[in-house]
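Just the one chain here, the form predicted alone, laid out as structure tokens.
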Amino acid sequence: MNHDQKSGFGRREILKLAAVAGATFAGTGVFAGQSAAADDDSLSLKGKRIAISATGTDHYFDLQAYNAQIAEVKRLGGEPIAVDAGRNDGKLVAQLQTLIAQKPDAIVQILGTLSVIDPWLKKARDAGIPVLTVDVGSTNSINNTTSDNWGIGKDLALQLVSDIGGEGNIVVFNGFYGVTPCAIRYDQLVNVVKYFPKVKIIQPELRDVIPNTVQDAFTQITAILNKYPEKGSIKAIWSAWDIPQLGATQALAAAGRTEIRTYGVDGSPEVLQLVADPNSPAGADAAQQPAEIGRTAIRNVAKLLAGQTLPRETYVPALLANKTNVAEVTKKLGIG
């Protein structure tokens, strides 16, 4: 039995899986927005007050989704009531309480730790206010508009495993398992890695934080590199979003450890630029379409208020950008 057979998957099979993963992302097509925009000409929010509750807007994804929602409510003739909790859970709860008291025609919640927001989403539902969500898998939400986080998690993990040849130590940031998309992506990483027995997640896992995410990730990765000074002792660094990836990539470059690759999710322009740099440790980034996710959520509100039945989940395609295809992906996203 050769080396590859012992690992469960041969290198050729790993590369095939990663190629299929990338093709799956690309095959979803850019973009749902084009077809969605074509069929929403009859939609209207005229005379409707739509509450938009953001957990925070300091991250590229959040801000893009938030601004697009406000613009889409106005475009459809409605009045947005947009509020931003600034990443403060106490403020977020107070924000939801205030919105429930104002009795808008619908509430759209963008992200948030489920244990924090779910009791208030239930209160809104009990008060007869339709609740929709962006990237929150709550049973109190009529519809959740999101990327396919199962697909993102699986495909990013396959890209990572392919790039490291199916073996080696990886560092994982896992500080936000209470946030549903992060949990799904992490679980998919674990599901993939368990079939590659020579891939090991270094314990304890790291905890990414908000705020000062980049600086904190830089500090934590610098400490890990000091603990594992030999080249090859770490193969990759994974995070459920790409701001920790940004800090980790900067730490690797500063330490001269560019043989280690970093992986993340979101498609922030600065991270995609690093993926495009052949000398950067940034290996891949699963790029979401936050503005289209925001617009789609508002169109779903209009459909609901018009009496249409919504699916439980609405998925907006994502694109996996790696060293090979990042120019194509950024062009499709309109940021290249």
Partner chain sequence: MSVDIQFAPAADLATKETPIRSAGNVAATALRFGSLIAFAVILAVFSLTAPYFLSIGNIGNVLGQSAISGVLAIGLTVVLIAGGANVVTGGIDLSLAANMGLSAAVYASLLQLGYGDPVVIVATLLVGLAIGAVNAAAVVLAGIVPLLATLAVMNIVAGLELVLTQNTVLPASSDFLTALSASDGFGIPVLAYVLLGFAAVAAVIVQNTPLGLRLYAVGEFPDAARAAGLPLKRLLAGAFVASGLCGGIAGILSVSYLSGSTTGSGEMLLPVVITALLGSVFSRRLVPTITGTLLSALLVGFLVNGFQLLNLPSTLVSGIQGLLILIVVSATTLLRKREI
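Numbering follows the first chain given and starts at 1. Everything numeric in this text was worked out from a predicted model, so none of it was measured.
Below: the form predicted in complex with the partner chain, not depicted.
> Sort through N88, N226, N191, T219 and report the residue having a heavy atom within 4.5 Å of the partner chain in the predicted complex.
Here the answer is residue option N88.
> Only one of I142, A183, A255, V93 has a non-hydrogen atom within 4.5 angstroms of the partner chain in the predicted complex; which is it?
So the residue touching the partner chain in the predicted complex, by this definition, is V93.
> Do all of V271, P290 and T314 end up near the partner chain in the predicted complex, with near meaning a heavy atom within 4.5 Å?
None of them does, since no heavy atom lies within 4.5 Å of the partner.
> Just one of 152-160, 202-210, 228-236, 124-132 has residues with a heavy atom within 4.5 Å of the partner chain in the predicted complex, so point it out.
That would be 202-210.
> Using heavy atoms and a 4.5 Å limit, would one call I81 a contact residue for the partner chain in the predicted complex?
I81 belongs to the contact set for the partner chain.
> Give a yes/no on whether K48 approaches the partner chain to within 4.5 Å in the predicted complex, heavy atoms considered.
Taking the distances in the predicted complex, the answer for K48 is no, it never comes within 4.5 Å of the partner chain.
> Taking the partner chain as it sits in the predicted complex, is P197 near enough to touch it, meaning that at least one heavy atom pair lies within 4.5 angstroms?
Contact with the partner chain, no.
> So in the predicted complex, does W241 come within 4.5 Å of the partner chain, heavy atom to heavy atom?
Outside the cut-off, so no.
> At a 4.5 angstroms cut-off on non-hydrogen atoms, which residues of 224-262 are near the partner chain in the predicted complex? List them in order.
Sequence-ordered list is empty.
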